[in-house]
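Shown here is one chain on its own, the form predicted on its own, set out as structure tokens.
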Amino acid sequence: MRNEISEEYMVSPYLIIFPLYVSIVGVGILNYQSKLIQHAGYNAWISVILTGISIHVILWMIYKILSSNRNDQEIISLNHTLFGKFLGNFVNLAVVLYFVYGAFVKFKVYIEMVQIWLFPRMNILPLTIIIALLIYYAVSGGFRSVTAIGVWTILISLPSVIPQVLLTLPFLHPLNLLPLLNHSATDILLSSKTMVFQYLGLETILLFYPFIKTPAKSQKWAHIIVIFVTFLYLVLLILAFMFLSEGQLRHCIWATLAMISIFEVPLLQSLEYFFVSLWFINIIAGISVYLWVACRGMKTAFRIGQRPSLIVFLIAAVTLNYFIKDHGRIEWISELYGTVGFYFIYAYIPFMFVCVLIRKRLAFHFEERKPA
């Protein structure tokens, strides 16, 4: 409940843009282009816009759900209220495991990228342990600490990444975008479904909502960051379309890195090494948000301390990372997470929205029937 949280642990409404950004934008921004064209080809830019619009609708639903109670309950408490203790705890456990799963996917995909682009023959276990220790330090500091890391992520990574991509401008071929609108509506919608994976992380607000001062004022900032992320995805997609042919893009796993890999600078040799290294802070911040909300869910639903939960989650992540090495299996894990995330966003959240509306109507109806 909101009144149980001291104001010293809360953040100002506008600061919501930082945890939301690092939750949404992860390693997927480096390789989503090749997946997105599987159905709609170079018309996939339409899918980015359609998905962005649908995410705004989902975000509006989230705020309606969370503001339905005077105490500004997060989703864990709301599940108890709507479904009772037993069924509510079952749903809450599923929600917690979903966020842990998402954190592991971010963790594993970044480790694979480091192995491919930086250290193909290095024993990766020490690096995973270092990452786990950094995440433990960040999450143990509380939500304000996690938000602060998100601030540094945007200040350091984003201004450095955009100029690198813009270096490709002299090598672009705008005619690659033609012909326009040569795919069916079904193909574009299937591409939109694929694009949803890149917005997963928006749902973290379901748990950190009570940690925002006057949370209703944060809604406009949440919509602003979704607009910005949609614009970022759209620009990178169109740049990739004009830089690579459709045939090349279908066989290029890391399209964003491929665009900047042609440039060489002193000491760094190629800019993609700098890019991958710089993305480290973004991954730390994103995983920290996911694990913080998962640990918060464990504390709220099952009265289990956040630090013990965090230790268990990190040990599980490091252990699974050691045993899962095959690219095909990693791809399957990511696709399964995308499918689960799709239904979480477009089924669970609308379902909760309808439940809250029904509950409010019934409460209003019974209030009216009370004798004067």
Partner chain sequence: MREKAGIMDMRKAFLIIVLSTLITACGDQNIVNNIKLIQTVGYDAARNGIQSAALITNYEEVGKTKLEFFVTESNSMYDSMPRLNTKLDFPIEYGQLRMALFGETFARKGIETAITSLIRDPKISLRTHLGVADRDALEILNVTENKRDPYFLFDMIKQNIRSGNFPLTNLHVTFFNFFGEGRDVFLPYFTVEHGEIKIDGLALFKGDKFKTKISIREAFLLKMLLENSKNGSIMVPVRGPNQNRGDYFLMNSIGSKSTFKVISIGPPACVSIHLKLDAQVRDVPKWINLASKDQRVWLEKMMEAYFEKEIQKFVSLCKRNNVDPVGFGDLIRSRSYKWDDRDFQDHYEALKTTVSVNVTIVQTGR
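This is a predicted model, so every value here is computed, not measured. Residue numbers count along the first chain shown, from 1.
What comes next is about the form predicted in complex with its partner chain, which is not displayed.
Of the stretches 217 to 225, 296 to 304, 253 to 261, 186 to 194, only 253 to 261 has residues with a heavy atom within 4.5 Å of its partner chain in the predicted bound form. The contact with its partner chain in the predicted bound form, taken as any heavy atom within 4.5 Å, belongs to L134 out of L236, V229, L134, L202. Proximity to its partner chain in the predicted bound form, taken as a non-hydrogen atom within 4.5 angstroms, holds for one residue of I154, V109, V95, L244, which is L244. Remark: P179 counts among the residues lining its partner chain in the predicted bound form, judged by a heavy atom distance of 4.5 Å or less. With a 4.5 Å cutoff on heavy atoms, P126 counts as touching its partner chain in the predicted bound form.
Using a 4.5 angstroms limit between non-hydrogen atoms, N89 is distant from its partner chain in the predicted bound form.
In the predicted bound form, its partner chain sits within 4.5 Å of a heavy atom belonging to E272. Of the residues in 115 to 142, those that come within 4.5 Å of its partner chain in the predicted bound form through at least one heavy atom are, in sequence order, I116, W117, F119, R121, M122, P126, L127, I130, L133, L134, Y137, S140.
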